[in-house]
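Next up: just one chain, as structure tokens, the form predicted alone.
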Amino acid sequence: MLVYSLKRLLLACLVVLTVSGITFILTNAAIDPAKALAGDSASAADIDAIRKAYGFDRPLPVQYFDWLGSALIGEFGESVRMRRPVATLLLERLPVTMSLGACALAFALLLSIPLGVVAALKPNSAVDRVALSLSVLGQALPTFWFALMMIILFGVILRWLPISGSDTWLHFVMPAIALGYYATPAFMRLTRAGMIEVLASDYIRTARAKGLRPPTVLFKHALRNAVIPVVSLAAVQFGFMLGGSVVIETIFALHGVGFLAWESISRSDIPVVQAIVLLISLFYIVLTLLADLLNAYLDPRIRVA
């Protein structure tokens, strides 16, 4: 297990290095940081002065390693537009995005896993067809449209839930459902397929032949092995929710990292954009690493492979 963990950790570090390099190159190629700092009304002399003052005239690899060294200790520079440290902005906005992502993932798992288990226990039944219909509907509905429909119904007509802000847990109900419902079909189908395969395996028939209680067979033996792929998918989906929360945070006026990313892109705030892309990528990589390690713990055959 230790050797497997070290290999996965080394691979994760290489991915972080690659992603950070690509991010730095693309953002600097898309926008001239000196022009972004100087503003639209600056003259060519002013832009050249800023380029020399901030070191933008140095070779790009030198700038990258300088930026990476600062990023490793949590220093991402200063926001061009807000004139505040980028790290401070991220720390202020991150709790909102993390709360939204956690609530959305919890909603998706709590809805999809029971549906997948019930559908697998009664394949081709009415329950199975309803679950598959919900799966198709979740994939077909655009997230922004679903969010707007919930705002109209629950926020404007019924007035059950607040439609903007992040002051209480009620403010996260509709955003979490809108963000999490899109991931529900994938979890449900994967759970259903895994349960059908596991329930037909020899060791489940052996467990039943020994006289074990049906709940023990279902939850202790079948579900544990069936949800192994769900663990990996959940890690990827959580990273997707954190990175893809831009639309939802904008619609519901949640001032998290996603909304900050939209603001920074629209204002050409390169230091903030670079930091957010690196942070979201780091979340993806760390979550995938943890999922791999958890899968290896649950299934020793993965470690051997």
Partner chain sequence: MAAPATFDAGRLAPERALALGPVALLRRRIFGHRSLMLGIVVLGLMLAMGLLAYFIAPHDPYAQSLASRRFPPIWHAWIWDDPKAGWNNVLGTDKVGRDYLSRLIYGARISLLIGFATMVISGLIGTTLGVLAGYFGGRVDMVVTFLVTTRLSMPVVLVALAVVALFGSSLEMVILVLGFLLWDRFAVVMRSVTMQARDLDYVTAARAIGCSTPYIIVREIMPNIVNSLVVVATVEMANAILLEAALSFLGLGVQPPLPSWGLMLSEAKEDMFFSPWMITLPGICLFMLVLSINLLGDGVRDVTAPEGRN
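Residue numbers count along the first chain shown, from 1. In this text the structure is predicted, and so the values were computed from the model without any measurement. Definition used throughout: the rigid core is the maximal C-alpha set that superposes within 1.5 Å between two forms.
The form predicted together with its partner chain is left out here; the points below concern that form.
K.L.:
Just checking whether residue 149 would be counted as a contact of its partner chain in the predicted complex - the rule being heavy atoms within 4.5 angstroms.
P.N.:
Residue 149: contacts its partner chain in the predicted complex.
K.L.:
According to a 4.5 angstroms non-hydrogen atom cut-off, is residue 294 in contact with its partner chain in the predicted complex?
P.N.:
Contact check for residue 294: no, nothing within 4.5 Å of its partner chain in the predicted complex.
K.L.:
I'd like to know if residue 243 sits close to its partner chain in the predicted complex, meaning any non-hydrogen atom pair within 4.5 angstroms.
P.N.:
Yes - in the predicted complex, heavy atoms of residue 243 and its partner chain come within 4.5 Å of each other.
K.L.:
Could you confirm whether residue 182 comes within 4.5 Å of its partner chain in the predicted complex, counting heavy atoms only?
P.N.:
Yes - in the predicted complex, heavy atoms of residue 182 and its partner chain come within 4.5 Å of each other.
K.L.:
Just to be sure I understand the contacts: of 129, 210, 213, 220, which is the one whose heavy atoms reach within 4.5 angstroms of its partner chain in the predicted complex?
P.N.:
Of 129, 210, 213, 220, the residue with a heavy atom within 4.5 Å of its partner chain in the predicted complex is 129.
K.L.:
Establish, in the predicted complex, whether 11, 196 and 281 all lie within 4.5 Å of its partner chain, using non-hydrogen atoms for the distance.
P.N.:
The answer is yes: all three residues contact the partner (heavy atom, 4.5 Å cut-off).
K.L.:
Please check if residue 11 moves between this form and the one not shown, taking a CA shift of 2 Å or more relative to the superposed core as movement.
P.N.:
Where the cores coincide, residue 11 still shows a C-alpha shift between this form and the one not shown that is 2 Å or more.
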